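Only one chain is shown below, in structure tokens, and it's the form predicted alone.
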């Protein structure tokens, strides 16, 4: 066993130990398993949300896009900052309502606000469908990281199986507590390693940041700016808007909101998290540094840029620590995704059609569904070839369809009816599904439109249709409700 592989497995065993140990002294009912008994302070909530946000996408996808796309990569830096600003007002409102109603999942929120279990079923299905490509993203990243960092000693397939089995075990035992403790180790490692790589590699190969960008511009003029068509300014703005609105709509991120002790936790995090977003810059710097040093990586191979350059620059033991950090960026969000998807299926789908099922039975079912969800994700992992960023954007297009109805529900006088919310979400999701399956863009669907409109992120089209349908159906159902009420009063 080479030193890199030894270090990677040592950290894998550490994460399993922390995950299993986190159960000690706790009665793992559904509330403890999913939301930690609502007892996490600012630090743990910060680590959980950072653990969900800074994933293999951050580690590999960000550097891969910097390597392959150039200037458009900076959308990743922008949307997170906007989402954090929004969270200062949005998350405390969600937490307060959820605390009063004792909610435990994202779907619970919609069920309670709209008094519609079947809307909860739809939200659950949308959430699980969106989470599968997000989990696939983590598993693909895990396979790439372990295989490359171990110098090919372990194949991506074997690495993925080992990772999935490990995460499944500690999620079933400790739930969100295990994820929180593993996130502590992950965040310390990822922060240190990304900062080190992002500073050292540009200096080592180019003598500094400015010489690096000058060399890239000389070799490929215009690569570091937005394109005139395709990934243009309108694409950038629409993609930032879409992903910022969907940022907290992921079921596992939404669920972690419930784990906080009080609403001030989110205001503190909203102040700190934009600074943490700057870590992404150093990920980009690694991808930019690799452009001239590791040429020829095409398509999905661009996600290998960080690891290829690290293997070229460092001894195996250093690569081992880099691989271990990358491993943890897959395990922490992967565990949260498995838990969120299983809880949605058990509590907000199964129980709707079997209402007499006890809470204890639902808790047991949620835990037993963890390996089922993991196996479904494995099937897609081994039968797909999309880049990590593409997978993430597809998931964002789906979860963002929940945003209009959620925000409307927070107003004192909610205009949206349960029928309007259901219809709008359904139309938005079906639009995303059609666009994804047919590989359409705004340009291919409407070739005569101005270039700025043709370059819009296709998820925006789905969101606009969602809002239009939501408003129309809500107006119609409100009118029908008022008419029916007036008729009843006249008869009386």
Partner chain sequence: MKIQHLLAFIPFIGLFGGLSFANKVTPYVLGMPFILFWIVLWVVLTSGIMAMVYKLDPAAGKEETE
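Residue numbers count along the first chain shown, from 1. Remember, it's a predicted structure, so these values are computed and weren't measured experimentally.
The next section is about a form of this same protein that is not shown, the form predicted in complex with its partner chain.
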Consider the chain as shown here, without its partner, and state which of 122, 241, 304, 103 has a heavy atom within 4.5 Å of its partner chain in the predicted bound form. 241
So its partner chain isn't shown here. In the predicted bound form, which residue out of 417, 147, 277, 381 has a non-hydrogen atom within 4.5 Å of it? 277
So in the predicted bound form, does any heavy atom of residue 312 sit within 4.5 Å of its partner chain? no
Please determine whether residue 204 contacts its partner chain in the predicted bound form, using a 4.5 Å cut-off between heavy atoms. no
Contact label in the predicted bound form: residue 375 to its partner chain, heavy atom within 4.5 Å: no
Considering only heavy atoms, tell me if residue 263 and its partner chain come within 4.5 Å of each other in the predicted bound form. yes
Interface stretch in the predicted bound form with its partner chain - options 71-79, 162-170, 402-410, 360-368, non-hydrogen atom within 4.5 Å: 71-79
Contact check, 203-217 vs its partner chain in the predicted bound form, heavy atom within 4.5 Å, ordered by sequence, gives 209, 210, 213, 214, 217
